[in-house]
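In the form predicted on its own, a lone chain appears below as structure tokens.
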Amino acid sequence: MSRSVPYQTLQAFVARVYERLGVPADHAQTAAEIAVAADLRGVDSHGVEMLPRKADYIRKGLINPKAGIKIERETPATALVNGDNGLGEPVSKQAMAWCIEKARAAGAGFIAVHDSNHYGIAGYYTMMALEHDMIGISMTNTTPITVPTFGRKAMLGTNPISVAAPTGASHPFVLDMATSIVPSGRMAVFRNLGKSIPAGWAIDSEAHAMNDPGEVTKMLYSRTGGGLLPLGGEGEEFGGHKGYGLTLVVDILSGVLSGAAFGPFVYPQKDGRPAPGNVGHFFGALAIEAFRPLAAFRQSMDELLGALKDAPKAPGHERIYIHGEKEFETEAARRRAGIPLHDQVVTNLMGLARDIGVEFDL
């Protein structure tokens, strides 16, 4: 069961929660906007479902609610940013804005961030570049819950990648994907729906397939071995080693290059207790006019995407989708009808509101 909530109401509630937890109003509004953006686009695993967990980290001192954002190294086209162990959303939005400024001046801008936390959906930041006629790039490392190919212990995160590019007449191209076979938040979605996960998503410490999303979640966060499989699945037959390689690329750019934690050291545990995550992010913006005229680029994008959509369809299918297209359509519908929240998500949010003394009006 679920209820539909207007996105404005949901965003205001999330911002109140963060402010109650000591987050400055501007950072609270940014974090709320990005959480609700995930739900609007149908990425429910990265939306308000995550709020109780993030609130718990703030209350336990694992996230700094009053973090500052500081540039530590800088060139005309690059920068290294310290997130001061704050929420991932405010520092990431600022870093992407700086990338866009640099790309406007130099043709390209790239920024790495360290000492941050989970930043929501990667696509939010790449779509910022679209408003400036630029190509956006965004990626982050995450909690180590993905096993390497031929391994049976989680060593890397779900490590998402997003690239967004403007078009002419059609929706922009917005790739936003985990490099694991699924994002970890999908477990909560399946658990709330009472569904088993497909075989081939996760393995236990003995490399046996798992199908109970609740048991997978317990395993992932207890770090007892096992984990999600990389994009492409188990072994090399269907390209699992390629997903593993993409996951590692994200960790190199987000973690190693930035000086953040990487691999199994993201969100470490000390004496069996969680410690600050030191998550790393990587952002980029490319000014299209630095390469070719914008109008010509848009026309070529429309020709490319149009050719794909007009290609012959497989039996039983009437449409070929472009990355981001489903999410744009979902967002339009949810802006009209509200965001559907599963009853368990509502219960969790209600409990959080009660615990911290915030009005619950969803």
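Residue numbers run from 1 along the displayed sequence. Between two forms, the rigid core is defined as the largest C-alpha subset superposing within 1.5 Å. Worth saying up front: this structure is predicted, and the values here are computed from it rather than measured.
Below: the form predicted in complex with a further copy of the same chain, not depicted.
- Partner contact region in the predicted bound form: 296-304, out of 41-49, 328-336, 296-304, 26-34, criterion any non-hydrogen atom within 4.5 Å of a further copy of the same chain.
- None of 213, 276, 263, 185 but one reaches within 4.5 angstroms of a further copy of the same chain in the predicted bound form through a heavy atom, and that residue is 263.
- Of the residues given (218, 171, 132, 152), 152 alone sits with a heavy atom within 4.5 Å of a further copy of the same chain in the predicted bound form.
- Using a 4.5 Å heavy atom cutoff, 73, 108 and 156 all lie near a further copy of the same chain in the predicted bound form.
- In the predicted bound form, a further copy of the same chain sits within 4.5 Å of a heavy atom of residue 177.
- Not displayed here, a further copy of the same chain is approached by residue 237 to within 4.5 Å at the level of heavy atoms in the predicted bound form.
- Interface residue remark: residue 258 is counted as part of the site for a further copy of the same chain in the predicted bound form, having a heavy atom within 4.5 Å.
- a further copy of the same chain is not shown here, and in the predicted bound form it never comes within 4.5 Å of any heavy atom of residue 268.
- Annotation for 192-228: interface residues with a further copy of the same chain in the predicted bound form are 198, 199, 200, 201, 206, 207 [heavy atom within 4.5 Å].
- In this overlay on the rigid core, residue 211 has a C-alpha that sits 2 Å or more away from its partner position between the shown form and the other one.
- Taking the rigid core as fixed, one finds a CA shift for residue 145 smaller than 2 Å between the shown form and the other one.
- For residue 187, a C-alpha deviation of 2 angstroms or more is recorded between the shown form and the other one after rigid-core alignment.
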